[in-house]
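Quick heads-up: it's one chain on its own, the form predicted on its own, in structure tokens.
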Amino acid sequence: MTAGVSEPATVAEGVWTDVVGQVAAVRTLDRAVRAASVPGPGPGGMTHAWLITGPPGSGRSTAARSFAAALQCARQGCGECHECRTALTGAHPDVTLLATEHVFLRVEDVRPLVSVAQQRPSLGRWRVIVIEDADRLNDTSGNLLLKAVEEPPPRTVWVLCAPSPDDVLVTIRSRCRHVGLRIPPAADVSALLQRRHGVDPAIAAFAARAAGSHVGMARRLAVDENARIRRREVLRLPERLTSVGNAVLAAADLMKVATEEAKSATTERDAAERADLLRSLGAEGATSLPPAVRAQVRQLEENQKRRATRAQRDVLDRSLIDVLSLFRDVLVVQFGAEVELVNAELGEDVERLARASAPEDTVRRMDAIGRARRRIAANVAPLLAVEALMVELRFVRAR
């Protein structure tokens, strides 16, 4: 620990309360905040570039925003002051947040950040720039960012987020201090749902377990009954694979579930964005839009369509992970392992599937699901990939 900087006994409070299950990471970031006035990048000292990594749902974005808030706060992250509140919501003038709906972060996305990074803080103690999808930097946008990360002004801090260090360009990664997050314990996620959203303890525990401790998915399962119903429908699909025809129908149903879930997640946001755009252009309530306004609305709709496509693929991947969790439970039962089932509420279904096949069949099914996820990630048409998966699962069952 850097000399002259005292480390608090606990940091799981203030701006850090929603960074669940990440004691070591929070301690590192909090220590850096408290050592920010100490020169040099010592073990607990402040440095100009950070890389926060962790699996989906681990809270990378939440940790980055909490770090930004703590840096702006005169009390190192009290969570109550104006600086903390505005930094956490993205409204602080000296905290810039960038996330993307595109496959890659483009040059036009990064160039404004490079300009902002050269400016002194206007009101806060630091100018903090958070890039939530640093793994989406390509060679062109990454090289543009590299110079800014290498030589920032004294009061500028870069905070990059990615699933793993290997997902970030090595030239940028080597210039950042790394903080790794882990999958949080289900009990911590459950406690967050109860504290933040007033969720019933039993539903919170189910949602945290079913989501694999993915905080965002757990929140959706906890507060949206339709999401819980759709998940249960997905987990019923394997028992329907009695013929090739049924396998194809099951694939269509899975695609329908993914589409409905994605639409549910994006429709309200799309409408709000359109209303905000029309209001900012002075065209709210207009029956006929001028050409210039129509062009901007069309661009917004194209961006929303891309986002909807990405959302559908994300939901589909999550559904496949849910099916994977079912077969994981089947394998647990087949081997008689004393491990808690992810889908404990479907215990009878799991037992039935376990009796109807051998462990090697279950492993083949899990491998098939993994191949389908990789195909979809490689931009194979989702319906074709899912149809192939369902047929493959059916023939494993037939064997």
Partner chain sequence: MAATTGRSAGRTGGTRGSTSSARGSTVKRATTVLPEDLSPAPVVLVVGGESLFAERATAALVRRAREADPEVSIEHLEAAGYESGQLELLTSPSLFGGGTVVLVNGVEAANDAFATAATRYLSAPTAGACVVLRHSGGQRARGLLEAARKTGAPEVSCQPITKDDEKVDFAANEFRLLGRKASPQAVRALVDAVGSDLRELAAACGQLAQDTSADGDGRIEADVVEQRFGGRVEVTGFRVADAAVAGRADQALSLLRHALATGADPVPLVAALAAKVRALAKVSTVGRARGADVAADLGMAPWQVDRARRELAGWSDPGLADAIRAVAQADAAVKGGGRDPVYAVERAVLTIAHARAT
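Think of the rigid core as the biggest set of C-alphas that the two forms share within 1.5 Å after superposition. Residue numbers count along the first chain shown, from 1. Since we're looking at a predicted model, the values are computed, not measured.
The same protein also exists as the form predicted in complex with the partner chain; that form is not shown, yet it is the one meant from here on.
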Considering the partner chain in the predicted bound form, find the one stretch among 276-284, 159-167, 128-136, 242-250 with heavy atoms no farther than 4.5 Å from it. 242-250
Taking 4.5 angstroms as the cut-off for heavy atoms, does A381 touch the partner chain in the predicted bound form? yes
Distance check, K305 to the partner chain in the predicted bound form, heavy atom within 4.5 Å: no
Quick one: does R294 come within 4.5 Å of the partner chain in the predicted bound form, counting heavy atoms only? yes
At the 4.5 Å heavy atom threshold, is V391 in contact with the partner chain in the predicted bound form? yes
In the predicted bound form, does every one of S288, R375 and E387 come within 4.5 Å of the partner chain, counting any heavy atom? yes
On a rigid core superposition, would R75 pass a 2 Å threshold for CA movement between the shown form and the other one? no
R298 C-alpha moves between the shown form and the other one by 2 Å or more, core aligned: yes
